[in-house]
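Only one chain is shown below, in structure tokens, and it's the form predicted on its own.
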């Protein structure tokens, strides 16, 4: 078993808390992604697994063994860094073999492991090259290969694709996903890129200011965010937010925006009652707007907006508009022939809307 368990783990630097009471488990053979903005504590969490950072409080277990005081070399983990960390004077073969030589493996065993890793990563033709003669994608493959040859219980990736261009990042995401399926090992992967997180992770831990906000599958994070931060972080462009309040009328519960110029009824639910009169934010993703009324028969809201700018991406367009004092982004079909500035009506089904308590940020309803 190569599960990783955090029990109330914290990391402090003097009076600054980098990670606060992390309490979760990465299952055996799971691909767990830690995601969040810069400085949220995700790399610190990863470095504690590796033994590169001391734990201030709590317990860390790998494969059921408490490893708080175990040195990195005895944890049976391999880490792939953002900057590749290859020896520039060594060939690819020697870079891959170096760690195995240090561990005292015999020459034939080293050769077998190196050739197997090179075959898996399709870098056999590069074994005689030195790092300066390779592209970024090739260097990243070698860095991953150096981790593979060790056959560790746990792979750790610390923003491994951030130095690559967009096309190469897409290719390497596929490579890493393929490798995980083939090797069937436990992976913890740190990134600030939500596309990497959503496409790679079995589960994702979203972090902010050292605190884990939500751990869930990519689909659940998208469909059922636990709070406003997760809702705004997952999705590109980010979710639109409109402040207002949940009130009760003769028609039932309604959402009224802060300017009190617009209201729409909410689906019947007892969940609204505890929040009656409280200030909330309504959240709606750009992709849940349409320039046509919904055809599914579900209740909807309409928004008369002033489109100020259009981003045309070929297969789709993003409209950036003003609705009263609120800025909205909407993803529309590429067939919509709009020339800003122009006024249009945007439609959205009520069942696609999210609501968050303005004070706590937690999802309501």
Partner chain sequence: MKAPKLFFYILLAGASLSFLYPFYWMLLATLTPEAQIGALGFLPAGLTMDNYQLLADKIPIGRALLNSFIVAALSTTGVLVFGAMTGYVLAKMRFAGRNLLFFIIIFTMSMPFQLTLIPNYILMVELRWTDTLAALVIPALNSAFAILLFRQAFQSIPDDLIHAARVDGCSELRIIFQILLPNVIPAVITAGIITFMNSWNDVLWPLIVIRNEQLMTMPQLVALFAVGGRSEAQLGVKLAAAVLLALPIIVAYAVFQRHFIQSMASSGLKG
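Numbering follows the first chain given and starts at 1. Bear in mind that the values here come from a model prediction, so they are computed numbers and not experimental data. Here the rigid core means the biggest group of C-alpha atoms that line up within 1.5 Å when the two forms are laid on top of each other.
Only in words, not in the display: the form predicted together with its partner chain, which the text now covers.
Although the partner is absent here, residue 176 lies well away from its partner chain in the predicted complex, with no heavy atom inside 4.5 Å. Interface residue remark: residue 99 is counted as part of the site for its partner chain in the predicted complex, having a heavy atom within 4.5 Å. Mapping the unseen interface onto this chain, residue 146 counts among the residues with a heavy atom inside 4.5 Å of its partner chain in the predicted complex. Its partner chain in the predicted complex is approached by residue 79, whose closest heavy atom lies within 4.5 angstroms of it. For the candidate set 243, 267, 170, 72, a heavy atom within 4.5 Å of its partner chain in the predicted complex is found for exactly one residue, namely 72. Just one of 83, 261, 135, 249 comes within 4.5 Å of its partner chain in the predicted complex, counting any heavy atom, and that one is 83. Only one listed stretch (184-192, 220-228, 198-206, 85-93) carries heavy atoms within 4.5 Å of its partner chain in the predicted complex, and that stretch is 85-93. Here residue 130 counts as shifted, since its C-alpha moves by at least 2 Å between this form and the one not shown after the core is aligned.
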